[in-house]
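Coming up is one lone chain in structure tokens, specifically the form predicted on its own.
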Amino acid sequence: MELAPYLILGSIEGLVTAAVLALMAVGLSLVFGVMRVVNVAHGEFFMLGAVLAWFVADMIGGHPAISFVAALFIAPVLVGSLAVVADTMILKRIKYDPERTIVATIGLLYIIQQVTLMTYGSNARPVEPPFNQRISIPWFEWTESGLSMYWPWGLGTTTYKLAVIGFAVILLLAIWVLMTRTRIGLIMRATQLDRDVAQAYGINVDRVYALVFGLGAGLAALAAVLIVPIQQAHYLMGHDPLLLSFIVVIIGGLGSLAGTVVAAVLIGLSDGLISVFFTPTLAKIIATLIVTFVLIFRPSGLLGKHNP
């Protein structure tokens, strides 16, 4: 077996995983960083985004590009709006107490999951991608006659997967601009640093918390819409992404968006490469071992702030 094309294939699959995982984990990290809330229902917001994407695409019909773009806008907005309602009706009433919010979001997890099961059913359903042309993966090799290029039959990827990577990069850059170059981002960072001082300066902290919780859920739903043409929508699909998101946030550093992206790329690439050469189960075991070593040698994470 030639190694080079399989390394390229594993890297592309890993980058697709990293792109989706980064969007979801950034939403989780944002909620924890600003609100100090561990959102256990984050995976169900991801699942709900995929299910709503199927509903929207099925309802609109027509050309796959039209229905997919509609789902790409509608599903995250609906999920983000639901999260804002959940924040106002549940988390705000328990005053964002860390222990009680964990219990509350666990309850929210089961509510969303069971309501989805009753309305959507237990079957996995696909969403057709807007485009999906096949691209062969070439590799180069030096021979006696010079540099030769080979095109292995059946080994390649699709234009949609490459588009997912590019779109995720654009979204992550947009989030960075939002947090560092806009007034809204400044207000979020001020609330993150000191809630009481921010409130004393006239910042409506409750509104900021609702916005952040909705934004985090919307990012999870957006990640699900991007991946659902590849993995299909299912009412139990939120479990593994939630676990991987927690792993990424812990490795990157709680509340560190840059660390979250770096950790997502690390976990995504390792998952893709190990899955190609070995098994996906081994990839999950190695991810867990990475978390263990990070917690032992750098408890604050790769780019997290160390609290002495």
Partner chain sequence: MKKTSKSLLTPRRQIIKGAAASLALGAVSMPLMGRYAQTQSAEPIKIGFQVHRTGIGAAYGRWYDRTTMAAVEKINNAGGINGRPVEIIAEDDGTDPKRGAEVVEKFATQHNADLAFGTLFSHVVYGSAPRAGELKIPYFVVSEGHHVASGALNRYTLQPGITDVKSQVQAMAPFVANNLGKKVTMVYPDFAFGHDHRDYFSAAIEAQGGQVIEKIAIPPTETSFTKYFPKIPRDTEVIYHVMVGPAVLTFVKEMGEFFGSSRPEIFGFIDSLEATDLSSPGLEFLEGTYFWEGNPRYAQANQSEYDKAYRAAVGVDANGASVSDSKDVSTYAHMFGCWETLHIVKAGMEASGYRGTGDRAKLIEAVESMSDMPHSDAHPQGAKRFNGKTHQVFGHQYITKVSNSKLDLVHTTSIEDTLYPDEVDYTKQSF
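Numbering follows the first chain given and starts at 1. Please read all numbers here as calculations on a predicted model, not as lab measurements.
Not pictured, yet referred to below: the form predicted together with its partner chain.
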Checklist entry - Considering its partner chain in the model of the complex, which of Thr88, Asn132, Ser81, Asn204 comes within 4.5 Å of it through any heavy atom? => result Asn132
Next on the checklist: I'd like to check something about Gln231: if you look in the model of the complex, is any of its heavy atoms closer than or equal to 4.5 Å to a heavy atom of its partner chain?
Outcome noted: yes
Checklist entry - Going by a heavy atom distance of 4.5 Å, is Ile247 a contact of its partner chain in the model of the complex? => result no
Next on the checklist: Contact with its partner chain in the model of the complex for Val291, defined as at least one heavy atom pair within 4.5 Å: yes or no?
Outcome noted: no
Item to check | Tyr235, heavy atom within 4.5 angstroms of its partner chain in the model of the complex | outcome: yes
Next on the checklist: Counting any heavy atom within 4.5 Å as contact, can you tell me which stretch out of 29-37, 66-74, 254-262, 269-277 lines its partner chain in the model of the complex?
Outcome noted: 269-277
Checklist entry - Which of the residues spanning 55-70 lie within 4.5 Å of its partner chain in the model of the complex, based on heavy atoms? => result Asp58
